[in-house]
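Take a look at this single chain, the form predicted on its own, given in structure tokens.
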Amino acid sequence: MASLTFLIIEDSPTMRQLIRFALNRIPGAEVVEASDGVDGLKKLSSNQVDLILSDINMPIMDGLKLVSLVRSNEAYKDVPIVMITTEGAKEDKERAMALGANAYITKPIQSTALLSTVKELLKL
């Protein structure tokens, strides 16, 4: 299997570690980490990424602004985005999906649900 590169954008190092641990179950998975939306865009510009996993609530640039900027950039507009957040309200999910997110997972995350969503989006 060819390698897959995932970009985790999350301000919590512990949460990034949990997501990384789950993604490492996918053979050939490579993970790039960013601590906020600005850092995420910087890492996105220097890495070929197959899928983005992003929190919504982060300092400097939140996940919703990030989704909007990714979708408006021709180079990244087709990269699947999974929102992983504590924001469980229906309105938050609808807003994220309207901006272009492909999936929405509320914390606490379950590794199996996360992997299922990732595999479905990447057709693995």
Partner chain sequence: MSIKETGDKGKRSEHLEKGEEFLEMFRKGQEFTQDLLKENERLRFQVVHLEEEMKKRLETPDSAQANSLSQDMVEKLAQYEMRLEDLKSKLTEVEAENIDFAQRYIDVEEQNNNLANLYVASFQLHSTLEYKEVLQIILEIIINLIGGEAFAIYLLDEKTKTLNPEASEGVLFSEIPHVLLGEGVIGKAVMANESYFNESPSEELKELYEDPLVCIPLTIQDDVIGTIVLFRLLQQKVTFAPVDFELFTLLAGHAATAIFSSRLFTESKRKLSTYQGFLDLLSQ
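Numbering follows the first chain given and starts at 1. Note that the structure is predicted; figures quoted are calculated from it, not measured.
The form predicted in complex with the partner chain exists for this protein as well; it is not shown, and the discussion that follows is about that form.
For residue 86, a non-hydrogen atom is located within 4.5 Å of the partner chain in the predicted complex, even though that partner is not displayed.
Using a 4.5 angstroms threshold between heavy atoms, residue 103 stays clear of the partner chain in the predicted complex.
Remark: residue 17 counts among the residues lining the partner chain in the predicted complex, judged by a heavy atom distance of 4.5 Å or less. A residue is said to contact a partner when one of its heavy atoms sits within 4.5 Å of a partner heavy atom; residue 109 meets this definition for the partner chain in the predicted complex.
Residues of just one listed stretch (93-101, 78-86, 45-53, 60-68) have heavy atoms within 4.5 Å of the partner chain in the predicted complex: 78-86. Contacts of stretch 33-69 with the partner chain in the predicted complex, defined by any heavy atom lying within 4.5 Å, are made by none of its residues.
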